[in-house]
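Here you get one chain, nothing else, as structure tokens; it is the form predicted on its own.
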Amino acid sequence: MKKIKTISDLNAIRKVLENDRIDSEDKKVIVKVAMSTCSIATGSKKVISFFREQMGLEAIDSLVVQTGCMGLCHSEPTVIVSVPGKDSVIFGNVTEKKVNEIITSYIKEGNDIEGVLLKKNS
């Protein structure tokens, strides 16, 4: 890899990486699990681990990441699911059982399911 010697070098690399990220996100299912204090207290660590495990087993091209507080403490753990070509959806009170339903019914089959707190335009 080329050494970074100037701010211009750094900015050029950053731009390439940002474009790569944007391109890959347009083609992948993105799952964002809230990992704030109230989220962790209600089980989001188990939820994010289970999502990562199950998405891998299902061989779904995806990215499962953690995010901060969504301001929905009453519905933790909360998860944002972005499927290419669809609006992003926030699910609340997500359990391991709900993870299976989200993957099978919502992501793979494209069906609407219960537990949606908010749909937002991508």
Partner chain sequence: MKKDKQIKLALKNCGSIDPEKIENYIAVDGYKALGTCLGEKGSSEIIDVIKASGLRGRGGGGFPTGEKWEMASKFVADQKYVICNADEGDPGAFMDRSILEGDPHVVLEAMAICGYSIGATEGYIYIRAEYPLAIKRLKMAIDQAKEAGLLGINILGSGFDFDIRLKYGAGAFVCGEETALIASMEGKRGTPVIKPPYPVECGYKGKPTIVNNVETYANIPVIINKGAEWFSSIGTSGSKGTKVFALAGKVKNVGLVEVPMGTTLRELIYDIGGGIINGKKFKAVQSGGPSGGCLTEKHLDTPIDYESLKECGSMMGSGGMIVMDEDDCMVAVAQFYLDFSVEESCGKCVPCREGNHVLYQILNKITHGKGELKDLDKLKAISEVVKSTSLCGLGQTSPNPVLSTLTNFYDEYYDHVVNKKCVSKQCRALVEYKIIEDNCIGCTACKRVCPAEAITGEVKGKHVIDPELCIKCGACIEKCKFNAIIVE
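The term rigid core refers to the maximal set of C-alpha atoms that superpose within 1.5 Å between the two forms. All figures in this text were calculated on a predicted structure; none of them were measured in a lab. Residue numbers count along the first chain shown, from 1.
Form predicted in complex with its partner chain: not shown, discussed below.
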Answer yes if any heavy atom of S36 is within 4.5 Å of a heavy atom of its partner chain in the model of the complex; otherwise answer no. yes
With heavy atoms only and a cut-off of 4.5 Å, decide whether I60 touches its partner chain in the model of the complex. no
Is E114 a contact residue for its partner chain in the model of the complex, using a 4.5 Å heavy atom cut-off? no
Just checking whether E109 would be counted as a contact of its partner chain in the model of the complex - the rule being heavy atoms within 4.5 angstroms. no
If you check N93, Q54, S88, Q66 against its partner chain in the model of the complex, which one has a heavy atom within 4.5 Å? Q66
What residues in 58-78 sit within 4.5 Å of its partner chain in the model of the complex, counting heavy atoms only? Q66, T67, G68, C69, M70, G71, L72, C73, H74
Once both forms sit on the same rigid core, is the C-alpha displacement of I13 at or above 2 Å between the shown form and the other one? yes
